[in-house]
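In the block that follows, a single chain appears as structure tokens, in the form predicted alone.
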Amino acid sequence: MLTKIYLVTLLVSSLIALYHFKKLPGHLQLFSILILSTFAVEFIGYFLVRTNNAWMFNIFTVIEFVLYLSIFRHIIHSNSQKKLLLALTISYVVASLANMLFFQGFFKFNNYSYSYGCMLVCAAVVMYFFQLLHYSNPQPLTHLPMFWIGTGLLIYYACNFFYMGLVNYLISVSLELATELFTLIAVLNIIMYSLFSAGIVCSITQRK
């Protein structure tokens, strides 16, 4: 049931992004494309749940994390932090491809790569939040769409870092426990995409 609610929340977020797409700034248009792509992949994955769909998520998560990091690299002002995020992005791609080809494989969910991506996205969000703290002219939160988006990402990926790091082990020990813990991930997904929707609406309100 929670998975269906999550998919509906993701669909609503995708439709909001699609409806306002032309009015959004460039980095949020890229973000909207990412949300729409996520819905497509999750929707297909939902119906392929009884088959081995790990390969699809292994490929998509590499694209997903690279785009998230690229979006934050676009909005962060510090040149040194931009260079750091670029280096971390490259390191993530190299590590993910190496893991996919030589370690965990193509048809097993690459949870180690995913956990590394979670950590990098959280680091990018923290960089952005520190930037907000040092603004000389603070803005109302309703004028900061990336605050809501960053908050959603931080809540979801900070928690998911631990779950995904242990998911293959949990499945081998107790599939029932792994399934029960996954319900928490579904709840976090619902929260994250609700905050994404709020961020997109904030962007439209600000531009008006």
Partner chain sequence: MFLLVGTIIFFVLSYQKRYLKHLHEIKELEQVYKQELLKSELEIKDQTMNNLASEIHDHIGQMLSLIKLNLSLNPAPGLSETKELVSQVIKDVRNLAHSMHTDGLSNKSIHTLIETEADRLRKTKHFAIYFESKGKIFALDNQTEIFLYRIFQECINNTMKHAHAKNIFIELNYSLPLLSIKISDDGQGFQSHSVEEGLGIRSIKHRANLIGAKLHISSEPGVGTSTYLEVDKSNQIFHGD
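Positions refer to the first chain, counted from 1. Not measured: the values here are computed from a predicted model.
The form predicted together with its partner chain exists for this protein as well; it is not shown, and the discussion that follows is about that form.
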Heavy atom within 4.5 Å of its partner chain in the predicted complex - the one residue of 59, 41, 155, 30 that qualifies = 155
Which residue, 11, 18, 188, 24, has a heavy atom that falls within 4.5 Å of its partner chain in the predicted complex?
-> 188
Partner contact check in the predicted complex: of 155 to 163, 175 to 183, 31 to 39, 66 to 74, the stretch with a heavy atom within 4.5 Å of its partner chain is 155 to 163
Is there a heavy atom of residue 144 lying 4.5 Å or less from a heavy atom of its partner chain in the predicted complex?
-> yes
Taking heavy atoms only, is residue 132 within 4.5 angstroms of its partner chain in the predicted complex?
-> yes
Could you tell me if residue 52 has a non-hydrogen atom within 4.5 Å of its partner chain in the predicted complex?
-> no
Hey, in the predicted complex, does residue 168 get a heavy atom within 4.5 angstroms of its partner chain?
-> no
